[in-house]
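Below you will find one chain, with nothing else, as structure tokens; this is the form predicted on its own, and questions on how it binds or moves follow later.
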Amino acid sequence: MIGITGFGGYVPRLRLSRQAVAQANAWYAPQFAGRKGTRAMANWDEDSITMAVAAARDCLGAAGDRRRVRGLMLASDTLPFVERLNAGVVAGALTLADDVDAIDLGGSQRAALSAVAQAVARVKAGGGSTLVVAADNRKTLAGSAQELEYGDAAAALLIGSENVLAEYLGGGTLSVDFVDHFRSAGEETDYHWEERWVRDEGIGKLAPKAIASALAQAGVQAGQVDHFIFPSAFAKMDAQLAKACGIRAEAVVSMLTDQVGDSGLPHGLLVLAHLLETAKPGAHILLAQFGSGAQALVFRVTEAIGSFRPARGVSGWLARGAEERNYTKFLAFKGQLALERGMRGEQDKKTALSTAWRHRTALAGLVAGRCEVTGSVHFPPSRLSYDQGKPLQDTQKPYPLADRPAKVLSWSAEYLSYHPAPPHHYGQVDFEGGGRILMDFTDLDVGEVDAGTAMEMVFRIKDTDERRGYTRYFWKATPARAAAIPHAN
């Protein structure tokens, strides 16, 4: 049996109020005045790579379980690097083995489903468990409908053959050059065609073919589908499509539109991960997504579904949301509003790639060194232990810190230096079991941290070399607002 053996998701903490956007743009676009709810909004230090890492950690749990991952597929239409393996950055942050087969995919809204199908084929061929991660962080034009409809998020599925939670039954694919929207190389925002034509000639005629093919391969009748997932920014498009395909109306799954928005390429997997948190054994799930054709996958939930819980789960990420009503903050975080930085913001942040390579494990994976003689934990790790009076050499072993509980020892919040989201919070963080690092803090409110505050680690953008177009990543500390749910297996 091959199928889903783990699942997880990620939704940024910030949720932009649609009313706030509508009010800010009322002078120009009064037609958006009635929009309700929120859309997920990536922080300034989040992109598709960092969100993918968060979703993968939600799926995989503690670092000790990650050796079973033999393949990594990263699907996104907003990858930060055109020439650099983005999946390689994710693999480093997850401390996967160097011989993991990592691949980038994109170019279509259904690329995440294509990745799942490829992962199933890889497992079937004996390639081992494969992690599929999808993330999007899309830019939109100010005052556009997409600005209100889109959202930023990520999702992850582990595909394997042991302890299968949802068995893969079959799939169907239709690849045609039907252009409902596009984004040319070098452009930052999508160009969309007329909605009615996309609904009637595109989704309405193409998606049923892929769905019928998937159901036939799976040996499942349309009336047997218990959960139907079809992401679309068009209102009630999923219900119309279900009716056209003979799927019961009550099978249509909520698309999280009021909280997250449409996250694009990862949205189908995000909703699936949310559904699997409460799915019952025996339920049939049909997941379809439109884009340069359409793709559909069919799963059947197994008795093992109760043996797994993601670290926090989509429900957990949704529960930790904080409404953001500052529209100019959203524009600044998306790089669409240039704010005055002052002289302290005029820094050249060139990265020495040779140094970054030598320290890649410590920087990407937050791996310290633990002295086997004294038990002291050192970060960064070194050949020489710096315990006072004990000049030991080559006694340190790798000691991952990213998943260890931590607390604030000392901290500061200041407006003097340039920071994209002032005040700049940072401080000394002590890890349970040893290790102390001076770290930046993120995703917090003024007054939320103090000495002794419990923190957790998140993989984020450290800073960007804007002259050369290079993004540096590192780990930051954020308040541990809710206890992680341990894996049952």
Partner chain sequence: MATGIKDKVAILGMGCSKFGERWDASPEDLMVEAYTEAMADAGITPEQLGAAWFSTHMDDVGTGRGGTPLSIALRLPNIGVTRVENFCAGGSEAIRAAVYAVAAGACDIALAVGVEKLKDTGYGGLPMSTVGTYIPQWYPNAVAPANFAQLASAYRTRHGVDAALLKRAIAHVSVKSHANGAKNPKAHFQKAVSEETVLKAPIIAEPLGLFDCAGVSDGAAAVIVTRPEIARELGKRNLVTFKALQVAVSNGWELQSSEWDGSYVHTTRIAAKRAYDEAGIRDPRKEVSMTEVHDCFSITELVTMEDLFLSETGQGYKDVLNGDFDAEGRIPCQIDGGLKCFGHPIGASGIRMLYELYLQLQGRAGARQLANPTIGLTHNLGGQPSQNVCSVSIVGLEGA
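Residue numbers count along the first chain shown, from 1. Just so we're clear, the structure is a prediction, and the values are computed from it rather than from any experiment.
Only in words, not in the display: the form predicted together with the partner chain, which the text now covers.
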Notebook entry, point to check: If we take heavy atoms and a 4.5 Å cut-off, which stretch out of 42 to 50, 66 to 74, 29 to 37, 455 to 463 is in contact with the partner chain in the predicted complex?
Noted result: 455 to 463
Item checked: Contact at Pro380, Ile437 and Phe474 by the partner chain in the predicted complex, all three, heavy atom at most 4.5 Å -> yes
Notebook entry, point to check: Among Arg344, His192, Arg320, Lys397, which has at least one heavy atom within 4.5 Å of the partner chain in the predicted complex?
Noted result: Arg344
Next item on the list: Could you work out which of Gln221, Ser410, Ser254, Gln393 is the residue within 4.5 angstroms of the partner chain in the predicted complex, going by heavy atoms?
Entry: Ser410
Note to self: Within 4.5 Å, heavy atoms only: does Lys349 come near the partner chain in the predicted complex?
What the structure shows: yes
Margin query: Using a 4.5 angstroms cut-off on non-hydrogen atoms, would Ser417 count as touching the partner chain in the predicted complex?
Written below: yes
Notebook entry, point to check: Can Thr374 be called a contact residue for the partner chain in the predicted complex at 4.5 Å between heavy atoms?
Noted result: no
Notebook entry, point to check: If you check in the predicted complex, is Leu169 within 4.5 Å of the partner chain, heavy atoms only?
Noted result: no
Checklist line | Contacts with the partner chain in the predicted complex, stretch 354 to 369 (heavy atom within 4.5 Å) | finding: Thr355, Ala356, His359, Ala362, Leu363
